[in-house]
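Next up is one chain by itself, shown in structure tokens, the form predicted alone.
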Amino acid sequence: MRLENKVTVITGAGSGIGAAIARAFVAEGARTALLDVNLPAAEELAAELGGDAAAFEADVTELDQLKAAADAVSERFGGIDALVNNAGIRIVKSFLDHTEEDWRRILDVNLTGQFLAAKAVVPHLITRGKGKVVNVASIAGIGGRPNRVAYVAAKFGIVGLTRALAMDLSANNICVNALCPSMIASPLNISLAEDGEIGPQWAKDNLARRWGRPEDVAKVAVFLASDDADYVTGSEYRVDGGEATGLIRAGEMTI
């Protein structure tokens, strides 16, 4: 098992991609802390996963809560080896309809939240002498998307944060990488994936010719949190079925 005896912290672990990562980590032998602002959701998942998982309440916009949670995780499991910065939200509005409150809320949760979680957890990784940080970004962090101005700005920021952290933490033997998923049938997108018209159309927009699953992202997260990725840092991993590789026009490819 690739994460045997590793202690991992996942933010936004109560549902969606975060929950899939938690399941994959526990299956690979990790003792996993499920951090979420929705504590009941995290507790329900922890009960499902058993003794190798524990739920902790934390709002990623509040450094004091994150520090308290990190200390509690370290005390319970004897240290921390990896952080997955997954918590995030999305607002879909045109630029003119985006309010200042929308902008600040998205950046506070999606970008500042990752900075604060790293501030809380990285000292524990340094104590360990080695560690991994996996930041969940998006293909919206490598290319524009319509009606998501704040979301795109935050995700581009995560890619930049990842590269800068990788440089700053290299002397501490900590690897930092980003995941850039697209078209994942998670709770944020499930209504589109299951739509009889839109779902099949969007499935043709990537080379895999299907919607991604949260488990697809989780598998790459396992690799990046494991010792197999000791020579991988400062990189972005697209989990997008090849969507960002190039434009596919109608009629150019058939399956």
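So that there is no doubt, residue numbering starts at 1 and follows the sequence shown. Remember, it's a predicted structure, so these values are computed and weren't measured experimentally.
FYI, the form predicted together with a small molecule isn't displayed, but the following is about it.
S.K.: Using a 4.5 Å heavy atom cut-off, indicate which stretch of 226-234, 44-52, 58-66, 23-31 touches the small molecule in the model of the complex.
M.R.: Result for this chain: 58-66.
S.K.: Going by heavy atom distances of 4.5 angstroms or less, which of I142, A72, L107, I89 would be at the interface with the small molecule in the model of the complex?
M.R.: Contact with the small molecule in the model of the complex is made by I89 alone.
S.K.: Only one of I80, L116, L161, M183 comes within 4.5 Å of the small molecule in the model of the complex by heavy atoms, so just point that one out.
M.R.: By the 4.5 Å criterion, the partner-contacting residue is M183.
S.K.: Any chance A137 has a heavy atom within 4.5 Å of the small molecule in the model of the complex?
M.R.: Yes, A137 is a contact residue.
S.K.: Is G241 close enough to touch the small molecule in the model of the complex, meaning at least one heavy atom pair within 4.5 Å?
M.R.: Outside the cut-off, so no.
S.K.: Does any part of I17 reach within 4.5 Å of the small molecule in the model of the complex? Heavy atoms only, please.
M.R.: Judged by the heavy-atom cut-off of 4.5 Å, I17 is in contact with the small molecule in the model of the complex.
S.K.: Might P40 be said to contact the small molecule in the model of the complex, defining contact as any heavy atom within 4.5 Å?
M.R.: Taking the distances in the model of the complex, the answer for P40 is no, it never comes within 4.5 Å of the small molecule.
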